[in-house]
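Coming up, as structure tokens: structure 1 and structure 2, two forms of one and the same protein chain.
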Structure 1
């Protein structure tokens, strides 16, 4: 059933556009397909029982909904932890062959190559560095540390390096993992009843490679033992001239959970940032996507998309796919400006709770905290202003899904990394801080009532 893999990748792509980046990386990206049964049950496996519980508790409805769109409304979902997966495989013969499920096990995406990466002023240096590393692993820029905001092309470059090395140096062992996968593998090795053997297997898995690619290092655990293991893994590989590539949404100095000795190791090589693409690069990205997917859309429509979405390549390409899909759905051979405007209208209405816009959200926050709009959008840095400002940024991001650059302009021209920091800080506090939860919920009530 080779078609299952294609459908699974479509499901992941759709989920990636509909949930936060943190949620996707932590819970959905590590999932793998175990089986697709004759009665249309999609059997999935997680990396840990904790991950399974989080998915069932917080994300199962979303997973089921998207699976219904891709696999059919009558599809059922069964989520297994690692032990349950072993039991399942011992009792059942899956309908999928090894080749069927391999792409879900971190095989590099064949679409993510250097040839398909659009190079502009915003990324030409990091592209050149990635290419140099791929051409001579362990010889140039070791480690290579790539950082940048969500959807700017980090994962594309990591996969491009992996694809190039595997094609050019087929005898080299290349391993790609997310930081969350590394952590889970290490925790699993600690909890085994045959601890010494499992620790040995873990180290063999991560240290007996020629190229190690680690994505989303910003999620590294605060636990000393996890960072200790990663530190020794890094040292072993670097000592023997093995290539290390690391990606993050921020530079090493801004990763709060990072121990100083790891931060020092990460800065030994080359640190490169992926910047927001300029207008010309965004148009070129859209044209490349049209070429690869055989989309038909006129220039005015392409330019409109590039003007509206200015900070996220993933979102840019997602909107193009949506426009062309809707256009084909109504029987048009080519999408035009009207199709684009209709798609954007749907997008910004989707999560607009109570019909609120950015100005109304800001005014509600100002009223709640008894401050002025000039205070909240200005440069004041007192706690009485900073906290409401971050809450306003979080609420606009959550309720309206505006691009980070657009939100930055609303708040006095702040850059997208500042906006991202504020959003992520309040997002984290909403999980544990009752005071912050109360602030946000009461402001939402104000918006709905008034």
Structure 2
């Protein structure tokens, strides 16, 4: 059962994208896996009975559906409060191995090394830049700004730099934070009563380093005072030749409401993007993963996964570990095409409510707004066309989970960042804008009724 914790991490990553930040941090992040039983019950523990009740009341369906995607549809979930956990552990011997214990925080993931990073056309320049920076921190490109879509290896490369520097220059201080951690630390430092003391603690922590690595910087957009603090941290480090490495899901010019002075700081070193891997690289990544995790899967099955999942390495790996986990569970020594097809059928059936495909969705959107298919996939920029276009992109992405690049192709060869932007915009509007909600719901109804 070595896979359970890994699958659990994947589940958390998925949940993080689908619930609000606050609910994620409050309710999901503190959950601990206690057991994964023979009959596929995932036993989880909470920090209090209050937390347990909150989860059962408000989040159980969400948890169950995401767990279904990752552990297979027939998974059951049991949530225990601390007393029940004690009770459980006194009566059962959990099926988990030592490897399932969560790794310590703020240590670099030992698996995220340069050696384990598969280099292809899509990422060779980023890789070279990351290596150059790791080999001579502060000397080459400062800052190094890496951007690219979700699951393309940004965090892996950042950890690889961290691992490399720690090993090669044991005396150097390396700090890795996510933008969220930086923000939280900063807010905490403001909250303390002895202001000067905390400020100096905060500075000590961030300015007294040789290499500062900040992941997911895009979340700094809109956080004005955090931006200000980061600006000063940045200048301080940069001025003394300390290396700064930043990762983001988009280039500096596309991070909205980023102060101009920060934007210009981000662009003064080297900016590199990670692109989606081609088929050969995807196969190589899967093979590497099999070797690292000792998975056994035949070539047809492996190629099938690489063909189907073409824009996100995390999903690629997720599918591989799910397939191997499931085939292992039914006692097979090696996963084959059947296991893969089974795993895929769960994934694609659930979301796609009416069994629609991209063409049908586009047609329904066109009918609804009374425009033509050429309009929607073409170049027109008028509001009457742009809004339906973004809605269609959102619906295709949400209902079919097609890769951004593929959706880009459907929409007349648009770039994946354009598609991402449209999807994100409508995703945000779906939370706040009644009109958009109505459009989408009515189009879904049209699709269901055929």
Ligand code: ADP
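Treat the numbers as computed from the prediction; the structure is a model and nothing was measured. Rigid core here is just the name for the largest C-alpha set that superposes within 1.5 Å across the two forms. Residue numbers count along the first chain shown, from 1.
Both panels show the same chain in isolation, but it is structure 2 that comes from the form predicted in complex with the ligand. After superposition on the rigid core, the Cα atom of residue 88 is displaced by 2 Å or more between structures 1 and 2. Once both forms are fitted on their rigid core, the CA atom of residue 274 lies less than 2 Å apart between structures 1 and 2.
After superposing the rigid core, the Cα of residue 75 is displaced by 2 Å or more between structures 1 and 2.
Core superposition places the Cα of residue 47 15.5 Å apart between structures 1 and 2.
We note a C-alpha movement of 4.1 Å at residue 413 between structures 1 and 2, with the rigid core held in register.
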